Structure formats: C-alpha cells, structure tokens
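Shown here is one chain on its own, the form predicted on its own, set out as structure tokens.
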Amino acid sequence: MERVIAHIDIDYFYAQVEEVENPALRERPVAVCVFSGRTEDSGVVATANYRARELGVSSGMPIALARRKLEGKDPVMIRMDHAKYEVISERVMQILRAEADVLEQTGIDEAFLDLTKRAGSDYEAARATAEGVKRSVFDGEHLTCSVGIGRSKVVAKLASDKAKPGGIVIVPPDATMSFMKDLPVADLYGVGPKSSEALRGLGIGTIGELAACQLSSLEKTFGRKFAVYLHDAANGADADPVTENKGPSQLMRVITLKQNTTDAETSMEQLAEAVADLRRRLQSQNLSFRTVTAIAILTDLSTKTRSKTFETPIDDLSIVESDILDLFEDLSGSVDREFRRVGIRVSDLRSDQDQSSLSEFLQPAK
C-alpha cells in the first residue's frame, strides 16, 4: 500500500494568534519577540507576520534590528506568551488527531499525519481530507495552515513549505523526483547549516544532485547512518514512519459555555465533566502532574490563563479543585470581557511509578 503522509504547518503561528485576538493587527507589521530583559530592545524575533517579513524581518533577528527595519511602518512588537500559544496549539492538535490514522506532533505549530488507511492510498482522497482539516482548523480557531502531502515525511515537509501561506501542495509518488530535484539541498528535512556546507563542499547544491550522488561518497563525509538518510531522503524513499509521540507533556480539555460569563463557580460547574475526564485519563495512564492551569477564551477570542505549580506531584485532580476555582476567580477579576470557552490543563506530567505524590500526604489516614 502506497503511503500517504501529510505535513501541516500553522502559518506564522504566534503572530497569527495575535491577529485573531486583535484583527486590527492584520494591516500592520507584527513581530512576536522573546525579550531578554537586559535592555528595552534586547532579545530576538520569534516570528513575524507576512507584512513584517515583506519589510525584511525574520525569525531569529535581533529585536533592535527588526525595529530599525520597521521604523516608520507602524510596527507592533509583542512579547511572546508561550502559555497562551500552547493552549491554542493543543486545541489545533486535537482537531488534527481526529483526522489522522497516526499523528506525530513535531513542534508547537506543526505535525505529520499518516493518512494512508484513511485515504486508501488515494491522493485525491487525501486532498479532500486536507481541505477538511484546513476548514476545521479555521472554523475552530480562525487560523490558516499550509498542508503538504507526499509519500514520505521529507516530501510532505517540502510540499508544505511550498504551500505557504495557506495552501495545499500534493506530490503524487510519480511526481516526487520532478518536484524535488531543483530544490536547494538546504531545504531537505534534517539538513542544517553544517551539513549543507559539507554538501556544497562535495559540489552538491540541489536535492537532485544529492539523489544522484553515490552512497559511498556520502559515507566518507557523513558516516553510514546519516549518509543513508540523505540518500534515501533525496530520492523521496525514506521510510521513517509517522509515530505517535511517546507520551503527552500535558493533558487538556476545553468546553464552550452554555452562556458567556465571568462567574468562576458557573465555569467550574460546566467544567465538571471535563475535569472528571482528565481525572480518568490520569488514572488510566498512571500519570501525575505538578502544574494545573485554568484557561479562559474570552468573547474577543483572546486567551487568558492562570497556573499553579505544586512542589510534589499530584495523581488525583479532585483534591485540587478548590485551587482551580481560585484560579478562575483570579481570571474573573483580571479581564474586562466575558468567558466564551473555559478549560483545564495539567502539565509537567510524569509516571507514578516509584514516586510519592502529594495525594498521599493530603488524603486522610485510614
């Protein structure tokens, strides 16, 4: 059965999230930044919207340089809010997981999906799935994403890069080499600056040139394992499977409220089933957690969170429900809009084997 692998990449994720929360930003250059705190402009750009990119701003650029490039262009420099982006990322991954045979999340804003069984190795059926995924992500989170589909992870990733922003690129098996051969070798998944420089030293500048290179020549420079990967990847023949991540780093449930509110107790009442579900999932997987987070998505679609971290792992969510209520009360007092959706997240997960948990100390003696 011919494999059908998709790679999905949320377009300029951090900046797009900010645009969803504040649509007025869409006409302005936006850079989401990691500020170091040493000076007002110290730190780097994490990502930028396409308006800022057109003006020369790119990821990893020093903030001071980005400001100079955007001078006079009415720029917006936003401090990165990783907790907010993680919440939205998890919701997107839940949408993607429902559409895939297997999902492998590779970053906060991207994932590989194995669609082989779902699509029956039919690339037109895979296109329909990709279109449905894009609609679901946009309807659920108002975010656009780019989708690439091919017979391997490498081909799918190259295709999604070509699909940006917001498109779909399908590379059927018989079109794989014609699609790849003229692309720069630096575009190949897993080829970093050092590997790219070494390949240039061998006179290899395109993927097609790499595909034509003898494996023995690559082994002398890169060793057997990486040489085999480079050779197979350049020929679109790598068989690396899409693999479900070994274990979750967090568990989360988000619900839509029956009516908008800022009342913490109402939020907790309607979250009761979601809290019970998380409790069962923790127990069934023998997991405990150290951090619990209350999540509120407001009527303007902005996301606010409050978290509490415990010194000792907890394996029973019910014993910290009062802490969750306190977090929602804190959120209620800090926002000027009502809650539209609310959620609960547990993170810093770990196996309960061979460890004590806070529950042991909080439960009454029998």
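The model shown is predicted, which means the values in this text are computed figures rather than measured ones. In this text, rigid core is short for the largest set of C-alphas that superpose within 1.5 Å between two forms. Position 1 is the first residue in the sequence shown; the rest follow in order.
Only in words, not in the display: the form predicted together with the DNA, which the text now covers.
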{"property": "Proximity to the DNA in the predicted bound form (heavy atom, within 4.5 Å), stretch among 91 to 99, 194 to 202, 124 to 132, 169 to 177", "result": "194 to 202"}
{"property": "Check all three, Arg53, Asp139 and Glu265, heavy atom within 4.5 Å of the DNA in the predicted bound form", "result": "no"}
{"property": "4.5 Å heavy atom contact, Gly107 and the DNA in the predicted bound form", "result": "yes"}
{"property": "Partner proximity in the predicted bound form: Arg340 to the DNA, non-hydrogen atom cutoff 4.5 Å", "result": "yes"}
{"property": "Contact flag, Asp326 vs the DNA in the predicted bound form, heavy atom cut 4.5 Å", "result": "no"}
{"property": "The DNA contact at Thr309 in the predicted bound form, heavy atom, 4.5 Å", "result": "yes"}
{"property": "In the predicted bound form, the residue from Thr144, Thr256, Thr261, Thr221 that sits within 4.5 Å of the DNA by heavy atoms", "result": "Thr256"}
{"property": "Listed residue (Gln270, Gln283, Ser217, Thr291) with a non-hydrogen atom within 4.5 angstroms of the DNA in the predicted bound form", "result": "Thr291"}
{"property": "Residues in 221 to 241 close to the DNA in the predicted bound form, defined by a heavy atom within 4.5 Å, in order", "result": "Lys225"}
{"property": "Core-aligned CA displacement of Lys181 at least 2 Å between the shown form and the other one", "result": "no"}
{"property": "Displaced residue check between the shown form and the other one: Asp277, CA, 2 Å or over, core reference", "result": "yes"}
{"property": "Rigid core superposition, Ser36 Cα moves 2 angstroms or more between the shown form and the other one", "result": "no"}
{"property": "Sense of the change in Cα distance from Pro313 to Val92 in the predicted bound form - at least 3 Å versus the shown form", "result": "farther"}
{"property": "Cα-Cα trend for His82 and Leu271, given that in the predicted bound form the distance shifts by 3 Å or more", "result": "closer"}
